[in-house]
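So here's one chain in two forms, each on its own in structure tokens, numbered structure 1 and structure 2.
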Structure 1
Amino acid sequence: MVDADNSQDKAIQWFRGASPYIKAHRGATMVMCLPDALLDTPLFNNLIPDLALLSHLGVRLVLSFGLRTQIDSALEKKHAISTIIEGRRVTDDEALKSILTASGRARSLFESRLSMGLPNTPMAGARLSVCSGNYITAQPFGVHNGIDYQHTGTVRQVHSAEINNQLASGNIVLLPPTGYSLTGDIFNLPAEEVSCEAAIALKADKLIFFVDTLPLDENGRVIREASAASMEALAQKQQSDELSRTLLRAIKASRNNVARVHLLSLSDPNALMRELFTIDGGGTLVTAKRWEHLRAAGIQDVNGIIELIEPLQNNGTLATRTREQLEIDIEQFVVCEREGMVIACAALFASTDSGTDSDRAANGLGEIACVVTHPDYRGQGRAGDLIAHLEAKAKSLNLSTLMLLSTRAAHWFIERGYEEKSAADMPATRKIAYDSKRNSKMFVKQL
């Protein structure tokens, strides 16, 4: 009984934790690229209820699917030779026939799975409406290095208005890896290209690729998050050419206003839900290069930070820090720089007791301070980003608790999970420096 209660409590806690994501995803357009390797695996059956759930939560879903392995095996059975160069198949008449057969089968598979609704299944009563159509205009890929790619094409236009109409009617849109030309010809298209171009044309909030392996950095660690610019340097050095090509598409989409591109592992059955509804996610996130960026502060930022905080020190919002103090503490600061100007800052002091790294870890307590966004740039998530960054840094320093003092931003911190505590509960060593005249409130968050 106790165990059941515990697991229920955990589920309730998880649900509460997921609520900001549920809110954020409602009405969002997500384009997903599903490789056909997925279609015949148990993962596909897992994914279908997840897609249904997303659709019921108000996510506008566009599913693009590939057919590569199915075509390979169909052609193999016919003893037909098929050439793939840099991810593009040379599509002759025989290959095109196989593509059309496989495409019809894949479409029926999606339609049937999304129509499931038997009681006692995760899809009970779900029945979703799926549609497909001539939403992609293609043109021939042509002759490259003397090789005629025949029925292989490239995306010429994505008919986003028609797709948007379907999404607005609550339909899930399926995009097969085929397109039609103005001459009425059918072309085979790489699914990754279809999804990338569709995400750009639809100004999608997310583009999601499912891949065999996630990208690794120079030290062989999975890259969890990267800007398009830093990913570019790593794209060519990946384990497979296919992954490199997917990364290039991810970079292209990010640079063309697709806010977030996610790469998820095909071997993780919960990859999609983990990525969309948990803070740490599980895949790789590629975001657009921002012409402003968040970075650790250096001594060159002291003047910029002073300009930013001085008015707030003068009106009593912030405690006064001298230039000397700031110069000593500069390494604890992170700043948001926009075209050479510091427009937001925040600091993390890893211990209120002493300075050494081991003391910090033993102490487990950090203090957030000096969270400021320039008045012209408020309300766009900058301070939120800085705090998220510092909380991640605190975790990496093995800190378990963060405290802060604030006179005017109580609710801002409460909304980000900080709880008000009595200043009397402050560690004794911190109390020494506490200016009781300011009467700041203390807030604490367990990490």
Structure 2
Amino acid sequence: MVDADNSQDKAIQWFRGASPYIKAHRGATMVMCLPDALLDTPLFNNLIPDLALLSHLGVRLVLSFGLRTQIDSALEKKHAISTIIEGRRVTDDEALKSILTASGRARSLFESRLSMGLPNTPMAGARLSVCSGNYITAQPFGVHNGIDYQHTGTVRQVHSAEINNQLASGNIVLLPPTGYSLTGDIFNLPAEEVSCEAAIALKADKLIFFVDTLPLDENGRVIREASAASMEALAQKQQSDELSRTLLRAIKASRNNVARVHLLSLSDPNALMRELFTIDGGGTLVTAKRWEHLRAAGIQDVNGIIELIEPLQNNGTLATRTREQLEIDIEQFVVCEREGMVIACAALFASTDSGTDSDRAANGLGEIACVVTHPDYRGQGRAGDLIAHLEAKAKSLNLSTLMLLSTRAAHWFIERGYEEKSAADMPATRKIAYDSKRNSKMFVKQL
């Protein structure tokens, strides 16, 4: 007999759970910004098989990389001084030479690691093609506050057609932090800017930054997802200027049609796979739109609602609803959807003694039912959001009173303004369907 809890079965279950993401990511374009600190660490060796896996799953990869640590080290050995102001280096002739040397080394490092067949890894034998080129046209950053940034530039144009041609051929595209002007000059560019502008030009599905620390909210907790608008207010309050600048790039990209921007921690070797192939991810998501939202339910949500309510029906917490009943009543439901998964639901039924829709405004009574949240997402306010949404809907329907039945959540509803009433006060039509064996308590709220 097979042990259902052994590691192989868990891996199989994970793979099944990841299958929707495998399908969704096939053909997607992802731009990743790899900090220079990553290149000489064990994490880089872990990342290479992950990149190989993504490429073989049909993901189109563009990799941008930074060089700051290598440049600082090279200049220090030469006893040269280099100034960095608000994330941009003042690039003199000596610094530019070091940048070109380090850029060539980093490119060779990527090419060699991705070309060696990845021995002793799950992707052994999976050789990948890598290319780079003059895909970024740059222009001088110029003089700011009296400081001439010399060979430091800013992105003028990303040659997206050429990059897309390489991606269509199955190549991974490398974008070093350098660009070339129309006059043939070479400029040093911030890797975050290269990544951001490339993602915008390519209309990338994802832009991924690897960072030392994830952004924190006002209470010091890691922010897991946020809209660009809400993140903008927090960007200037982060614990490092570098993270703030990265967040501003993330906000810009999300507002320029990059669907999702992810920040992943350098300290987590599994962050990339967790972010791409699990429902909750492994870092911080910044998006112009909410990836989790309340909406009216449709017939396509019946299976998701059944998965939510079935365990509670089995243990007697909820009254039993058949699939047929759900299909008939589906327009009364609202759901909280997260990454295509229904994680919470609730329903609002207009109830009148006559039972006709035309009388409901005069009767003014509605019933909230089937308030359920997935176990993994309880205690985070979703049920309260659903109730508030349905109360607003009830007011729009000119309902003045809401009732509900509950066996286990009495205090939760009382905290939200519902008062316990006797079942004898229940409308006559509702008494017919009342199951006395469940001994549900009735709660009422005046709107």
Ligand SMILES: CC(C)(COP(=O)(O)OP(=O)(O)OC[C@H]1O[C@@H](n2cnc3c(N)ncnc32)[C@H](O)[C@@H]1OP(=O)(O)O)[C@@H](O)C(=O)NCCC(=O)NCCS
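Keep in mind that this is a model prediction, so the values were computed, not measured. In this text, rigid core is short for the largest set of C-alphas that superpose within 1.5 Å between two forms. FYI, numbering is relative to structure 1, first residue = 1.
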Could you let me know which number goes with the form predicted alone? 2
Rigid core superposed: Y149 CA moves 2 Å or more between structure 1 and structure 2: no
Cα of H56 displaced 2 Å or more between structure 1 and structure 2, core superposed? no
Please state whether Y377 has a C-alpha shift of 2 Å or more between structure 1 and structure 2, with the rigid core used for the fit. yes
